[in-house]
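This document opens with one chain alone, in structure tokens, the form predicted alone.
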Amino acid sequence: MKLKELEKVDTGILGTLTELGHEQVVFCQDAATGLKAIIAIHNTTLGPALGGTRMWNYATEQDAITDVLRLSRGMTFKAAISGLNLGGGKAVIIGDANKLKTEAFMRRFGKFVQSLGGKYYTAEDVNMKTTDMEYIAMETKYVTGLPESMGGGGDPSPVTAYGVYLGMKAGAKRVFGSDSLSGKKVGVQGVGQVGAHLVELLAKENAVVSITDISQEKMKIVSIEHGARPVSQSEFYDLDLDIYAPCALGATLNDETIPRLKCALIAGAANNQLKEEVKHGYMLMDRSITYAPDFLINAGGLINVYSEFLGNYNRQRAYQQTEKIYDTCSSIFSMADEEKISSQEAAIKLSEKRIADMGKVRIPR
């Protein structure tokens, strides 16, 4: 699978799946509950596909398809580079979470997950909560991210934030010569569950944090709790920063935003931050901006649910495995420098090597 621009693939749905290497895409609908969902399974060489379910009010169905294909592909790389025996998959539910989500709605989605017979395991993602996973679990055993009271790992966002924090420190070591974030000007875009935990970690290390979010209420809460400075979304890309941390939705690194950035390092929790991973990865290189690949440093959440997937969940074990992100990130930076390629390309190359190597030794099912 070669590095390619995902946005430029336009060969029809089956052609797109071939281009991106997907194994299966399932379209789900239920008139009684109003459920419309898409489950994408990208690669199961290393194990069953595991990836969260995102609920979003997409403008078009094509936007939903594009999102689920990108996200599921990213999950394959995330699992591979993290040393997990999992494949990559993702699900999106189309619609307004505040209006559509009910017990029946989530349980109907659980039945669709069950119908895949364990090829895909779900978990929580944007606009989903552990309570939603409880409803899904009533209809399928192929679900992770359950509450701790049910033997699950609970909210994975603190572990995700910790991994991003470690990736940021590895990037700081490369860029500034020290991994200390004290006094560093960090802009966190998006202060949802992961972003808020990241701000907390940064505040404890005395970083100077600016934040923005589509929710004024979230900004107010995080600003008061951690002393972060709230900034409007329109001026955020023009801030004088040391580190930019995208922690909302993807594609914030694009033709319009990259020329405006005034930072030396990008390290955040959002998935698919590069709108066009080849073009924009090298555009950042040309501007001498170091980029910590998103699917590497935001893998803490997947690592956390993997610990649950294995059984006998242990959060300490999840944190210990997440700590490896620092060294892996440092290795990716060195590999990119040696081969004169973008850090994104280096990370994908390392992920694909593990998939290819393990594909030779795994017993066919």
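Small disclaimer: the values here were computed from a predicted structure and weren't measured. Start at 1 and count along the sequence shown; that's the residue number. So that the term is clear: the rigid core is the largest set of C-alpha atoms that superpose within 1.5 Å between two forms.
One more form of this protein should be noted, the form predicted together with nicotinamide-adenine-dinucleotide, which is absent from this view; the next part is about it.
For the options G87, G187, G167, G190, the residue carrying a heavy atom within 4.5 angstroms of nicotinamide-adenine-dinucleotide in the predicted complex is G190. None of G153, G195, G171, G74 but one reaches within 4.5 angstroms of nicotinamide-adenine-dinucleotide in the predicted complex through a heavy atom, and that residue is G195.
For a residue to qualify, one of its non-hydrogen atoms must sit within 4.5 Å of nicotinamide-adenine-dinucleotide in the predicted complex; none of A80, C329 and R354 qualifies. When contacts are judged by a 4.5 Å heavy atom cut-off, S157 counts as touching nicotinamide-adenine-dinucleotide in the predicted complex. Although the partner is absent from this view, A97 stays clear of nicotinamide-adenine-dinucleotide in the predicted complex, with no non-hydrogen atom inside 4.5 angstroms. Remark: I214 counts among the residues lining nicotinamide-adenine-dinucleotide in the predicted complex, judged by a heavy atom distance of 4.5 Å or less.
nicotinamide-adenine-dinucleotide is not shown here, and in the predicted complex it never comes within 4.5 Å of any heavy atom of A267. Partner contact region in the predicted complex: 269 to 277, out of 173 to 181, 283 to 291, 269 to 277, 103 to 111, criterion any non-hydrogen atom within 4.5 Å of nicotinamide-adenine-dinucleotide. With contact defined as any non-hydrogen atom lying within 4.5 angstroms of nicotinamide-adenine-dinucleotide in the predicted complex, Q233 is the only contacting residue in 225 to 243.
With the core held fixed, W56 shows a CA shift of 2 Å or greater between the shown form and the other one.
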